[in-house]
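Only one chain is given next, in structure tokens, and it is the form predicted on its own.
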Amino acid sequence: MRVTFPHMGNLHISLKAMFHYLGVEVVLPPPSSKRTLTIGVKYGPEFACMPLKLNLGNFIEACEMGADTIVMAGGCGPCRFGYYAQIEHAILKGLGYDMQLIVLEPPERHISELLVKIRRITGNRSWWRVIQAIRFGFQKARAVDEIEMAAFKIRPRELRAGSADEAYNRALELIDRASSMDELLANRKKAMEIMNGVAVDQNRRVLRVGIIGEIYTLLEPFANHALERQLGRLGAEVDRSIYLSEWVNDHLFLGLVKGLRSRKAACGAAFPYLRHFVGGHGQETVGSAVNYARAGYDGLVQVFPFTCMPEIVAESILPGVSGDFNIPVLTLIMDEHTGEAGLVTRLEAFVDLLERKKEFKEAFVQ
């Protein structure tokens, strides 16, 4: 079995570690690129959102490298993501790619079904070994999230342009390289030393921007044109409404790990703007917008793929949140036609608006 999976930000670091721990061979597709998207657009349905097209491109590129098994998460509810694995598999079959598909559905209702599918991947390895592999992968996700959070704070304050990104890449490489829990603990410490070693101006005045929206477009830098990096270079410290380890804890561990933000808190904050589940992360988007506004953030950026129904629902509600809390919201909708230059122009205008608003507010207070 030669396993592959789709890219979504730094997810590959955790999954690769987990499979290697179990002795399962991994074929990692190249990072998502223009070629990946071109392949997905060519063979995917036109009306499907960009994550399906990029996933499809990832699978075809991985199959060309020798992968024979796809492992992918499933889903439920109004979001079309729950059907994507089957649709992508049917497209691949039609194109002549003979790949086995294993879809890991959330364990809330069918835990036995999930265990059977895990057994298909792990073979006769003991359940203790499987648990240790999951733990190892989760700890890598926690380490990656810590590094990303550090980069969000450092990037707008760096004294030398590009030094935060250099440190970020070196730190991620250390986490990726760790092959045991002991090595991971040591490398995690070294990685944070690298991040903390970047020269910064602690007194620099920066904006704080919360990024909310659909999980794939939030986490995958190719899909959002490196949104966090762009905002950091424009002088904004960002925070993301969803991190990988938080998603894993909420949906796979059912909140067993304490101390992480939970979707329950975000959904609770969405009341009374949105009182029920609308699929995907629509309710969390509204709730996170409220939480960021209460925390004094200067602005919000919502990002999601074109035709994403849950986020369209959230988009229609966010003007109410914006008006009630006096916080500007910029909505960015991504598809294969989105250009980086146009995106940067919109971000520059938005950051300029936030700066002027902040200056006016401070002058008024004085």
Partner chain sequence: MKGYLGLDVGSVTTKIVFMDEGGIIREAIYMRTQGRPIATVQKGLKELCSRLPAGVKVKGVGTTGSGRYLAGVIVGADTVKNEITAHAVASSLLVPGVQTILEIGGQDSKIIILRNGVVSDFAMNTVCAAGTGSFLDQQAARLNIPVEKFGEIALQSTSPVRIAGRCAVFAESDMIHKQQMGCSLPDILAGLCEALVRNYLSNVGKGKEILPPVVFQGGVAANLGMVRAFEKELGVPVQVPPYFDVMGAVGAALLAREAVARKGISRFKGFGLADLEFKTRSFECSGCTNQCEVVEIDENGAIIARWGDRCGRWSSAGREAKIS
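Model, not experiment: these values are computed from the prediction. Positions refer to the first chain, counted from 1.
One more form of this protein, predicted together with the partner chain, exists but is not displayed; see below.
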Is residue 20 close enough to touch the partner chain in the predicted bound form, meaning at least one heavy atom pair within 4.5 Å? no
Contact test in the predicted bound form: residue 309 vs the partner chain, heavy atoms, 4.5 Å: no
In the predicted bound form, does residue 25 come within 4.5 Å of the partner chain, counting heavy atoms only? no
I'd like to know whether residue 42 contacts the partner chain in the predicted bound form, with contact meaning heavy atoms within 4.5 angstroms. no
Suppose contact means a heavy atom within 4.5 Å; in the predicted bound form, does that hold for all of 315, 330 and 357 with the partner chain? yes
Partner contact check in the predicted bound form: of 64-72, 27-35, 295-303, 46-54, the stretch with a heavy atom within 4.5 Å of the partner chain is 27-35
Which listed residue (222, 138, 97, 273) meets the criterion of a heavy atom within 4.5 Å of the partner chain in the predicted bound form? 222
Identify, from the list 80, 261, 233, 208, the residue with a heavy atom within 4.5 Å of the partner chain in the predicted bound form. 233
Taking the partner chain in the predicted bound form and a 4.5 Å non-hydrogen atom cutoff, the residues of 342-359 making contact are 344, 345, 346, 348, 349, 350, 352, 353, 356, 357
